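One chain comes next, on its own, written as structure tokens: the form predicted alone.
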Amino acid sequence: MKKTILTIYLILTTLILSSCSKKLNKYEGSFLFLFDTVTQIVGYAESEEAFREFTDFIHDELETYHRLYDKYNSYEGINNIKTINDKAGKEPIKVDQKIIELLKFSIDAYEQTGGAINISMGSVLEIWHDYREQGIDDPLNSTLPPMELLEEANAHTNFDSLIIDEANSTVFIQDSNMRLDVGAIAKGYATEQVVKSAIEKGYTDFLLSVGGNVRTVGGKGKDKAPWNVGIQNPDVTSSQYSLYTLALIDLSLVSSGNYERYYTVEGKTYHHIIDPNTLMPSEYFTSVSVICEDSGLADVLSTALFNMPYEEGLELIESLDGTEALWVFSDASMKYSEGFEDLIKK
């Protein structure tokens, strides 16, 4: 059963967290596969059974979003992003409201970032994906996609071709060659929606990490102390795993970098974050991290900042209340927004 992949263990100390002397134990759990990554949960509960109920709830909620936002796989009885893409140029598809809300959020993200985030670039990203996979499987014969092929696909990335009919709960891609790719948004957006559902259900004081997209709710321990969350060093050869450890309460941390999905062509690495302006992997930074409350917004901004010059990204961050960022350049130098230092663990 799917729950068998869940691992739970009791952290050594037992904490007294209420005036009525109820003992809440600190637990950690994890499961695989959803959004093609590892999900980790840290929280407090009166028993292992209570914590398992919580993690089951998180798993099931996250699985719903995973299936709806999947562009690679079909699921019986579900119309998802893959269904919409498969029916491009053919017919409108009736979808769950969760898909419509994601698409509306994505359109807002496109406008907010000046086009640095564009989910209609699926055709371009599919080309890069195929060449990257071929290069990983056969590195001696790895090649770059021809620019003319990328430009041809880029001619089919117009948001005007995406028709959302909220009254009838349908989505239709008019351009038969256009494809949606929500990879830069879906994981963070889904994380935030799951957290909102958990809070509505009464869960408090936990940390949820979906493939490194971290969302903290409340604090930890009797004193509701901040959660300690590290920012990964993009230099994977370094003995220093984290660049900074942040102290977070009710905040999200999301990073985008060139160190996860990449391949090599003639000695040069090419990662998976594609600049909409050049149609090539962005070369401004090695990683960008964003901290704000909303995990969906943090996911959007981390990728958008990765695709724009530092000065432009800083201006965007400074225009947003409660939002901070860290930029890491190729020479390992770093810059951060004005309020970033206040979040560093003292």
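Note that the coordinates shown come from a computational prediction; the quantities given were computed from them, not determined experimentally. So that there is no doubt, residue numbering starts at 1 and follows the sequence shown.
There is another form of the same protein, the form predicted together with a small molecule; it is not shown, and what comes next is about it.
Screening 80-88, 113-121, 240-248, 166-174 for residues having heavy atoms within 4.5 Å of the small molecule in the predicted complex returns a single hit, 113-121. Residues D181, K187 and I274 are all found to lie within 4.5 Å of the small molecule in the predicted complex, as judged by heavy atom distances. In the predicted complex, at least one heavy atom of T303 sits within 4.5 Å of the small molecule.
Taking the partner from the other structure, the small molecule in the predicted complex has no heavy atom within 4.5 Å of any heavy atom of K98.
With a 4.5 Å cutoff on heavy atoms, R261 counts as touching the small molecule in the predicted complex. Not displayed here, the small molecule is approached by N307 to within 4.5 Å at the level of heavy atoms in the predicted complex. Taking S256, S252, T157, S106 one by one, only a single residue has any non-hydrogen atom within 4.5 Å of the small molecule in the predicted complex, and it is S256.
The partner is absent here, but in the predicted complex a heavy atom of L125, alone among L125, V194, A153, L102, sits within 4.5 Å of the small molecule.
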